[in-house]
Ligand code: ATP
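Single chain ahead, by itself, as structure tokens, in the form predicted on its own.
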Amino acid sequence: MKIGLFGGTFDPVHIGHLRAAEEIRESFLLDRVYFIPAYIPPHKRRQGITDADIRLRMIKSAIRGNPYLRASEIELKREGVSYSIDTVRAFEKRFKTLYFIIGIDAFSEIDTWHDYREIFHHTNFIIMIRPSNGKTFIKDIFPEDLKVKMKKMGNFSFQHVSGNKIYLHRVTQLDISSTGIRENVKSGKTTRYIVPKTVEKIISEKGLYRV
């Protein structure tokens, strides 16, 4: 099976996340895409984050009815700081072919990740880019110590020395962010049409993001 791993805080999950996962699943013929909410994101340790069980519940409600999208509790059950390398290794025990789905902004900071060099030996990457990202920018996305381990396969694909591939993939650009959604709720603005109705209901019921 070809499995997509889509990690993040998902506080809350929104239409942009869902649309990107669906487009990537279809383009790369993935059998499943797992949404993996972090228990404690390494780069957001000091920020207030909604309880893990609520974030998981929002994801499950958002993907209900789509057999190709799943929610994974692996990082929530593991607790502590959520390191991607640990998650990838765990999925590698169950599935042969993995694709780590990540946005270009997050990937640009990959050299700050825990054991980041090792992760390329365990999974392929699908990096979501904006339509405006050009070739000049693309050739500079890798940290210096990784560039020598990458072979260019095409304008938007590379191969790591491990044999795993790195794909740069354009997805529909929706100007939606979890931060913006939280700000909308705090200021009393509607979240209609930027989060699924089920997520909107949970936000209302739990009184999320009002303070």
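In case it trips you up, residue 1 is the first one in the sequence shown, and so on. Keep in mind the model is a prediction, meaning the values are calculated, not measured.
Heads up, the form predicted together with this ligand isn't pictured, but that's what we're talking about next.
Option from 103 to 111, 87 to 95, 72 to 80, 116 to 124 whose residues, in the model of the complex, bring a heavy atom within 4.5 Å of this ligand: It is 103 to 111 that comes within 4.5 Å of the partner.
Contact assignment for this ligand in the model of the complex, among R32, R182, K165, K60, heavy atom within 4.5 Å: By the 4.5 Å heavy-atom cutoff, the listed residue in contact is R182.
Option touching this ligand, based on a heavy atom within 4.5 Å in the model of the complex, out of V161, M153, V148, L174: Of the listed residues, the single hit is L174.
4.5 Å heavy atom contact, T50 to this ligand in the model of the complex: Because no heavy atom of T50 falls inside 4.5 Å of this ligand in the model of the complex, the answer is no.
This ligand contact at A20 in the model of the complex, heavy atom, 4.5 Å: Within the cut-off, so yes.
Contact of T9 with this ligand in the model of the complex (heavy atom, 4.5 Å): Residue-level check for T9: yes, a contact with this ligand.
4.5 Å heavy atom contact, H14 to this ligand in the model of the complex: Yes - in the model of the complex, heavy atoms of H14 and this ligand come within 4.5 Å of each other.
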